[in-house]
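Next up: just one chain, as structure tokens, the form predicted alone.
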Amino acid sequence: MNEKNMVTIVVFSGDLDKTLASFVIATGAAASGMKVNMFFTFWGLKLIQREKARPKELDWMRRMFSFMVKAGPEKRPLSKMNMFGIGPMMMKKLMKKSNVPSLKEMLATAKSLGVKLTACSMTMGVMGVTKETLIPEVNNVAGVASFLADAKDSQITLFI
């Protein structure tokens, strides 16, 4: 392919501030005409899992992960100054006051701009996430080979 007008972003973190940054970059690149691929893995994968959607056949360790690491864009902690959830609440209020879209709104914008949202198949297996529990905006489940193919042809590759 060798497009060179492409951005590939690995979304490893599930922290509110880091995922917001990844979506600001992704939507900005897509709005400027670049092809964008976001690859969600490990803690970032929980962002694109529907809230309260858990597969029923989880072993005890995966059930614990599912309980401890909340799914969905609403309950993301901050990487710094989380303060038992007060930090994200304050950040969201400041964002709203400054007319900055929420993470949920950024997800919808990314999808509408054609950003490819890919869930890491290996991490899905490790964390007990199934395709049925992913949010509808996710349009791809793939492994590292798919990410590497995209990254190889990208002008910009980021790890957030």
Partner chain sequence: MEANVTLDCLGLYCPMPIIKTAEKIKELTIGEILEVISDDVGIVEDMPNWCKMTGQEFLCIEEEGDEFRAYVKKIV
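Residue numbers count along the first chain shown, from 1. Because the structure is a prediction, the values reported are computed rather than measured.
There is another form of this protein, the form predicted together with its partner chain, and it is not shown here; the text below is about that form.
Chemist: Look at the stretches 22 to 30, 117 to 125, 131 to 139, 38 to 46 and give the one with heavy atoms within 4.5 Å of its partner chain in the predicted complex.
Modeler: Within 4.5 Å of the partner lies stretch 22 to 30.
Chemist: Mark Met61 yes when one of its heavy atoms lies within 4.5 Å of a heavy atom of its partner chain in the predicted complex, and no otherwise.
Modeler: Met61: no contact with its partner chain in the predicted complex.
Chemist: May I ask you to state whether Leu113 is within 4.5 Å of its partner chain in the predicted complex, using heavy atom distances?
Modeler: Flag for Leu113 set to yes.
Chemist: So in the predicted complex, does any heavy atom of Met106 sit within 4.5 Å of its partner chain?
Modeler: Met106: contacts its partner chain in the predicted complex.
Chemist: Go through 136 to 160 residue by residue and record those having a heavy atom within 4.5 Å of its partner chain in the predicted complex; state none if no residue qualifies.
Modeler: If the 4.5 Å heavy-atom criterion is applied to its partner chain in the predicted complex, 136 to 160 yields nothing.
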